[in-house]
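Given next, in structure tokens, is a single chain: the form predicted alone.
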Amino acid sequence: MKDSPVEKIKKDSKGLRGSIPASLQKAITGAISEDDVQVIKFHGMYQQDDRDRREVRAAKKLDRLYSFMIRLRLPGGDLTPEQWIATHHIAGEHSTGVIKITTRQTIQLHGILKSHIKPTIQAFNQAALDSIATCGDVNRNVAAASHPLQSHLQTQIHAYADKLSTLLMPKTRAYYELWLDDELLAEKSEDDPLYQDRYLPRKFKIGIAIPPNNDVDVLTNDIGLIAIIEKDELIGFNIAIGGGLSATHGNEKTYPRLATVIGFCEGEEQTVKAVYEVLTVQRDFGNRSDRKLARLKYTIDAHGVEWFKQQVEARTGFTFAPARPYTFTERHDYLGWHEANGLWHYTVLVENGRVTDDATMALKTALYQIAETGVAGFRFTSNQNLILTNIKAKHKSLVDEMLQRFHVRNFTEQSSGLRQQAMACVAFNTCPLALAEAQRYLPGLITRIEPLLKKYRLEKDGIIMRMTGCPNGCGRPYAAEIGFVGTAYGYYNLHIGGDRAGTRLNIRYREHINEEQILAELDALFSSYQQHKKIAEQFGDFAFRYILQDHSTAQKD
């Protein structure tokens, strides 16, 4: 089959250099060339435009209001206080000012004008931060279990995230030449044994979880590493392959999929080698003609799990051991104050990951002032929240006073269980793929859902609800107990029946419904849940058992 046009762009990009310098110099437009739109992704950014202003500008015969989103590479999600201060200032000088925590444990800035790209990247570099390979057809930010309360071995787990992130980076020096003014070392592309000149067929994601908390949604990744701890020691990882949630409305060949566990790797050498060779098999056999079918999950389903496993084993030179037993029982962040390993940690609820000051709380100001004290580290979670880490007992009251003064503690600890677990993708006004609202709409929708929860005495129940503005699934709606997937402006598909531990996908229950219909459906579902649930049965399990199986009226995906 013929390769897609993007494949040619990658091969002709001169090691991801493209014609970016020429594109940046074109002052007549805020955009860059179509080919460079693809190349620039590998440098950690997307070209976007303000969709709220498209029609007005088009009526005036004006170009779209183009800007760029830049995403940082932060394996495990850690920043120092000094790096947070730098990010705060960079956001104010070069972007919309909002610091957006992503669903993959990093941050991104939106609204960066073309002329500000290079100054932004250089400012991040001064803070020892980069955006290399956080977008594009490569391995992206490696996510890892976030809270120290989960295990005293967490530092060891995060070391794996950092090692894999470094190992799987492209070898080209293009990033340093284009943005940091490094000298051009050669006219030819650098040799890259992993990515060659083709890179991967599509994006690639890795997550590392520590059971029993599946806070990283490990099975939604292309590779999921599930830590196996015996006698208080990390002995290795179960490896799961083929997760991914992106889909396309109306295209039945596309679908969300949870990763399949294929075996156990003992120690660092085996684990790292196995991860590397999974990428090489995907590089060599992934679909390069149809990008909608190019993720690892489709390669595995086309050839079979056993075939793929054998390919990896042939390249590693060892056979996977049988998977070790493990259990996930929860999938959430530990909000509020917790002590672990002799230090204090406070997890802040950041609604949909938007760090800003608003009528609810002055979150951005609070975090900046806390960073200025230098007494707390900053760590992002895969649920778009933020942990203030490694606070000594003598500094706890100082941090707590700021959290209270700026109303952060009140919002974090007094929000309903539903709001504490909710998550949404960016969607409008910047995402070019969005069909409906998500992060701007979900908070208000939850406000209208909360009276229903109170009506049925469910306000403390941490039901996992997620929303995306399109079927690509960036907010992981298919792995939620209640998921909303945008179909058109103001309309969503309603999915129900995922489990709270993240080991079962949900099922599409209603199609293309508006807010009035959403509230009516949830009213009926919550009423049924209250009347017919078993003791201690969670909403997703109830919906799967009672609504989708015993009394199924759902449409099949």
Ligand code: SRM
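Since the model is a prediction, treat every value here as computed from it, not as a measurement. In this text, residue numbers run from 1 along the sequence as written.
What comes next is about the form predicted together with the ligand, which does not appear here.
Taken together, T80, H158 and A371 are entirely out of contact with the ligand in the predicted bound form: none brings a heavy atom within 4.5 Å. Mapping the unseen interface onto this chain, C425 counts among the residues with a heavy atom inside 4.5 Å of the ligand in the predicted bound form.
Interface residue remark: M69 is counted as part of the site for the ligand in the predicted bound form, having a heavy atom within 4.5 Å. At a distance threshold of 4.5 angstroms between non-hydrogen atoms, P325 is out of contact with the ligand in the predicted bound form. The closest non-hydrogen atom of P432 lies within 4.5 Å of the ligand in the predicted bound form. Out of the listed residues T106, N214, Q421, Q282, T106 is the one that sits within 4.5 Å of the ligand in the predicted bound form by at least one heavy atom. Checking L234, I101, L335, L458 against the ligand in the predicted bound form, a heavy atom within 4.5 Å turns up for just one residue: I101. Of the candidate stretches 164-172, 195-203, 409-417, 389-397, only 195-203 has residues with heavy atoms within 4.5 Å of the ligand in the predicted bound form. Taking the ligand as it sits in the predicted bound form, the stretch 142-162 never comes within 4.5 angstroms of it through any non-hydrogen atom.
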